[in-house]
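Only one chain is given next, in structure tokens, and it is the form predicted alone.
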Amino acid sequence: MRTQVVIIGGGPSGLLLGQLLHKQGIEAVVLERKTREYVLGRIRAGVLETGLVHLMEEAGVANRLHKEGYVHDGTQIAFGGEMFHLDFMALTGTPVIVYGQTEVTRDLYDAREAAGARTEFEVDHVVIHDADSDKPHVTYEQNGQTKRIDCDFIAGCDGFHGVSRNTIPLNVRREYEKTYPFGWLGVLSETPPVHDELIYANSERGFALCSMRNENLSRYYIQCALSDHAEDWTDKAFWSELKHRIPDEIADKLVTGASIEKSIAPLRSFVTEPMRWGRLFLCGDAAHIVPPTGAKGLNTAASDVHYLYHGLVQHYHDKDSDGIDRYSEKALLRVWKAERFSWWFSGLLHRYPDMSEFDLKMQAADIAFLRDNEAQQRAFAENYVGLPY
């Protein structure tokens, strides 16, 4: 089999890239390790920057997003039992849209099937060959058979544990990492959201976040120890702890219920450089991870897709390689800015185990500066709604 682009990974970044390329007449085959049903069963956050929304529009898959997504003009920050509002529209003229990552993925799968584009599911032992040559190819196993696809380029959209990043030799790539001394315990419940905007809370007991999926589905998080296990937390214990971390006026309105999903996620900042080796390009979690604070994971993957998509169109339509030659440079410039914001915002909201009294005073001063200073609010809003591509 031969195609122009092999996309390894059938998550949102790989599917978005494939749909955008399809719209431009560029053929791509998507390889996915799991089934479609498994991919759609993964619960992920869904705060979409305008840049990602525009890519969905360009891919022709934004109708349901605009119909069912929730436009958020701002967010709430809680500290010391009080809460203040950051108005994105007033500060930047740009909102964000809350629309679940699962729904983004579903829309992209539906569009790919409608277009008759090829997706290979349940593939194992994917191996990338000759990526540093002008004749790369990919082999994999499916239904007990070994298969091969020859191609011009390979897009590694297969996540942190995928094969793509590890294909780049160790003497070529350099990795930067920070691990955080806590995790997020997240609960999904069939309850109405406690507020019409996200609430980020810093309390003496640790961080909390009140979020939502739709008008009857809410997502809540609390900072927890890395040694905790989700099964250690009963629903009653979770709701009690959450109420202690948010302002009383919000806690009094909180509708609780049985959790339908509960999990603990560790926090990590990670970047690998470069994001290109020969004809292999890394996208999304294959190249970088951000803490969920600030909701940059899916959005940084989208900016990677933007740069790679335009580079490939430039290559095929204009016979110009500048876009793909500069892909890693452009993508990393924006990635590191998103990493900085996520790292800073995490430091603003969480209680670290080694914080001194001085550190706590500095954190409180930083929050007060954000509350009181319009220039700081504007800088925050510009980063939260998404820096330009």
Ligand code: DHB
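Because the structure is predicted, anything quoted here is derived from the model rather than measured. Note that residue numbering begins at 1 and tracks the sequence as displayed.
Beyond what is shown, the protein has a form predicted together with the ligand; the following relates to that form.
When contacts are defined as a non-hydrogen atom within 4.5 Å, none of Cys224, Trp239 and Lys262 contacts the ligand in the predicted bound form.
Taking the partner from the other structure, the ligand in the predicted bound form has a heavy atom within 4.5 Å of a heavy atom of Gly294.
Although the partner is absent here, Ile246 is not a contact residue: none of its heavy atoms lies within 4.5 angstroms of the ligand in the predicted bound form.
Proximity of Leu209 to the ligand in the predicted bound form: non-hydrogen atoms within 4.5 Å are present. Taking the partner from elsewhere, Leu52 is found to have every heavy atom lying beyond 4.5 Å of the ligand in the predicted bound form. Figure note: of the listed segments 228-236, 210-218, 84-92, 270-278, the one touching the ligand in the predicted bound form, with heavy atoms no more than 4.5 Å away, is 210-218. This chain lacks the partner; the member of Cys151, Val194, Ala111, Leu198 within 4.5 angstroms of the ligand in the predicted bound form by a non-hydrogen atom is Leu198. Checking Tyr180, Phe79, Trp184, Tyr316 against the ligand in the predicted bound form, a heavy atom within 4.5 Å turns up for just one residue: Trp184.
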